[in-house]
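Next comes just one chain, in structure tokens: the form predicted on its own.
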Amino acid sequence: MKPFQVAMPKTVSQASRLQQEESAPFLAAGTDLLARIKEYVTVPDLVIDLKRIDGFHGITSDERGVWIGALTSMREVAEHAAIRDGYPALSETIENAATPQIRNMATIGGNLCQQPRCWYLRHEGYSCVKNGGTGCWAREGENEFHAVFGNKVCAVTHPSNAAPVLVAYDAVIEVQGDGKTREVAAEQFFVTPEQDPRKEVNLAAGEMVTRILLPGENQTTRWGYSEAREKQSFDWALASVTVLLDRGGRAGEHRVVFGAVSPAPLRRKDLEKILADGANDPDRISQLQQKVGEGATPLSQNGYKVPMLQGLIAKAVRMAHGQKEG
């Protein structure tokens, strides 16, 4: 690992200006960045540690909903009463992520902004469209864990397990730069390769995630989350499905979002319409399963993700309707 210096600014403005001047990466807990530095994927001369900036940590509530500071640990988010009671799909999802040790360290902001786990992108010997080169090695190479949707420019999958759930809740991502604050809907926060192959999230130079809002109007007790992994121990999801029904008590306002099958969380409005058109029954679930694969372009080794999604959506829908598996 190449030695580097660490800056510890005390304000957003200081961090923002420093990042723009030095093109240095921001550091939250470092569970992703330090791994990339050790692998020589990222070789910075300077790293900007955000932990001394006030206001980035903690969970509070107001008339709009629940606010989560970007440096709040994944464990704190999963265990907080306001999250467990009002947004249980997020709590459940995070409790399925990583290991207890990593959840104690990793931050919710870092989880959203981490880079894809594509082995070609993370190997110093390969040049691809995502790191400034051309083409996508995974499309014709080892692609077992890559995207089956939106994979024509780049076949990475977004690694955040929390991201699809935040999209389902219509979360708002608060972003700050040098003297400026803006809010971005979660569905627009994640960037696809077609939009910009060099980016995963909607952040300009000098900008950072400061807080995440879970809107109070989108709470629901009718939810389901299902995922599949290659192994039960610490691993990233091969595919996941989040289903929210009747958000805010509004009949027919549903959300269906896929994770780990595309470069950004994939909302499926066509499946939401099927859910809104009728009651829960085997025919309805079969209709959902038949439509899951529409738009998919599987690669040579990852076609299994389509039938996997068919099983996951059935499980998530049954869970949202209070039906237990098995």
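Remember, predicted model here, so these are calculated numbers, not experimental data. Note that residue numbering follows the sequence shown and begins at 1.
What comes next is about the form predicted together with a small molecule, which is not displayed.
Peer 1: With the small molecule left out of view, which of 91, 226, 161, 220 would have a heavy atom within 4.5 Å of it in the predicted complex?
Peer 2: It is 161 that has a heavy atom within 4.5 Å of the partner.
Peer 1: Report the residue, out of 285, 37, 29, 271, that has at least one non-hydrogen atom within 4.5 angstroms of the small molecule in the predicted complex.
Peer 2: Contact residue from the list: 29.
Peer 1: What stretch, of 241-249, 69-77, 212-220, 180-188, brings heavy atoms to within 4.5 Å of the small molecule in the predicted complex?
Peer 2: Among the listed stretches, the partner-contacting one is 69-77.
Peer 1: Suppose contact means a heavy atom within 4.5 Å; in the predicted complex, does that hold for all of 167, 172 and 264 with the small molecule?
Peer 2: The answer is no: none of the three residues contacts the partner (heavy atom, 4.5 Å cut-off).
Peer 1: Against the small molecule in the predicted complex, would residue 192 count as a contact residue? Criterion: heavy atoms within 4.5 Å.
Peer 2: Flag for residue 192 set to no.
Peer 1: With the partner left out here, check for me: in the predicted complex, does some heavy atom of residue 59 sit within 4.5 Å of the small molecule?
Peer 2: Residue 59: no contact with the small molecule in the predicted complex.
Peer 1: Using heavy atoms and a 4.5 Å limit, would one call residue 33 a contact residue for the small molecule in the predicted complex?
Peer 2: Yes.
Peer 1: Although the partner isn't part of this model, could you tell me whether residue 86 comes within 4.5 Å of the small molecule in the predicted complex, counting any heavy atom of the residue?
Peer 2: Although the small molecule is absent here, residue 86 would stay clear of it in the predicted complex, with no heavy atoms inside 4.5 Å.
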